[in-house]
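In C-alpha cells, the next block holds one chain alone, the form predicted alone.
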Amino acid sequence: MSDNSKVRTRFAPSPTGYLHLGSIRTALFCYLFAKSKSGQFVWRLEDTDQERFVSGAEAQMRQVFDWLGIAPDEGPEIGGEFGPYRQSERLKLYQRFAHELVDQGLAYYSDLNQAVIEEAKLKAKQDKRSFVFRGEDFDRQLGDNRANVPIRFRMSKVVGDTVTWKDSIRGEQTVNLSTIEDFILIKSDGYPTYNFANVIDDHLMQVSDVIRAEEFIASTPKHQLLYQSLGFAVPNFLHLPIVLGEDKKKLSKRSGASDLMLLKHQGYLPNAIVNYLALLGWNPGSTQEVFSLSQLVAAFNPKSLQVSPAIYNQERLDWFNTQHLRMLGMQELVEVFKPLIKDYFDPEWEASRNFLSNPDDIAYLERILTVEKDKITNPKQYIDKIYFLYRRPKFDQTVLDRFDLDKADFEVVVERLLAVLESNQDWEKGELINLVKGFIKSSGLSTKFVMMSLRASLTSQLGAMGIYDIMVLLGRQESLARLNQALEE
C-alpha cells in the first residue's frame, strides 16, 4: 500500500443498478483504508453506459452512504477540487487524452464493421485457435479523424512480450501481451470505455490506492499499459475477493441482497451492517467481533484481507444486528421500531397521525421491547411476532388445529380458567403465575395443555413471548375478552 502522506481512495460505481452488499463492502474498505491513513475517500460516478442507466440508482447510492455513515470527502453534489465527479461531465478530457495517443501512434480510429470481426471470431473457433483482435490483421483500418468511429489502443506499439503489475495482497502478476486485443478507448457514441475513463480519472483525481473487486483483475493489464503509455504514475492496486451468496453464486445487482435500503426498512442497523461487512473477508487480528465504525478505522490493516471468496451469511448478519440492538438505549430502540410499526399497520393507522406520538403509546411500546430486548434480531420480523399485542387476532377452529388442541377439552379448560381469573383484580405477573399454577395443581390438568390453551386464546399463534408477559401487556380487560371470544367462536 501507499506510504505517501496523501492517501486517496475512490469508489466508482456505475448507476446501472442499486448497490448490493458486495459493492458496499468495497466502498467500506476504500473508506476504512483512507481514514486509517488520514486520507480522503472519493466517490465517482461512472455513468458512461447510457444504455443500462437505471433511474434512481445515484439517489440510492447517496442514501446508502448517508445511512451507513461512510461519507465521501468528494463526489457528485459534494464537490471537490478534482471534479466533476460524473464521467458523463468529463467527456472532453477523455477525448483529449485519446487524441494524444492517436497522435503518438499508440491508438487509432477503427471503422471495421463488427460483423467482420464476428466472422473472424467464428473462423478462429472453427480452426480451434484463439482469437485476439488486432487492427493490422484486417485490410480496412483508418488512421485519420473520423466522426462516430471507435478509437482503439494499438497493442503492436507496446514494447516487450509481457506486462507486469503488483497487487498488494496477491503479489506480482504477469500477463502475456499476445492475449490482449486492441481494446476500445472511445466508443462510437463518443463515450469512453470503463478501461480508459477510470485510468484518466484516477490519475487526474490523484488516487493513490485503487481498491476494487477482483473481477477487475482481468482489466488491470490494460490499465497498466495505459498508465505507461500516458506517462502516468501507477497507483497501488488491491483487488478484493468476491462475495458469494449462500448459494455459492456471486452476489450481483440482480441477485441476493440487491438493494441495501431494503435492509434499512427491515430494521437492520447501519452499524451492524458495517460491522458485518468489514469482517466479511478481513480479520482484525483479535478476538473482538463487535466494532463501531471509528473502531474499525483504528483497527483496519489491509494486510489482513483474505484472498479467498467471502460467503454472505444471513444468520451472521442477524447476529451482528442483535448485538448492536442490545447496545441501544430504550429511546433509540423505540425510534427504530416506530416507523416499522407505522408501516406495518398502514393503511389502517394512516389517518391516525398522532399514533406513537402519544406518551401512552410510547410507554406501551417500551414495555413490549423491555420484555425481550435481548432476543430481537430482525425488528420487522419481530413485529410479526407481536402483532397480537396491537390487534386482536381472529379466533377460529383452525387455531386449535395448529395447537393440536381438542375442542371440547379446550372449552372446558378456558371456561374454568375464566372463573379463576375473573375473580382476581390483581393483574401483576407474580399473582398471575400463582393463580395459573394453583389452577393447574387443583385441576389435575397438564401444564402444557393449560398453557397452550391460554396461548391459543390470547395470541392465536405459536412461539410468541412468555404467556404471563403477554397477559400483563394485554391487561386484564383485553385478556378476559379474548378468553371469552375463544368460547364464543
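Start at 1 with the first residue shown and count on from there. Here the structure is a predicted model, which is why all the values come from computation and not from measurement.
A second form of this protein, the form predicted together with a small molecule, is not displayed here; the remarks below concern that form.
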property	result
Contact flag, R212 vs the small molecule in the predicted complex, heavy atom cut 4.5 Å	yes
M471: touches the small molecule in the predicted complex, heavy atom cutoff 4.5 angstroms	no
Exercise: F395 in contact with the small molecule in the predicted complex, heavy atom 4.5 Å	no
Partner proximity in the predicted complex: E46 to the small molecule, non-hydrogen atom cutoff 4.5 Å	yes
Stretch in contact, per heavy atom within 4.5 angstroms of the small molecule in the predicted complex, of 212 to 220, 101 to 109, 312 to 320, 77 to 85	212 to 220
Sole residue of Y364, Y194, F403, F133 within 4.5 Å of the small molecule in the predicted complex, by heavy atom	Y194
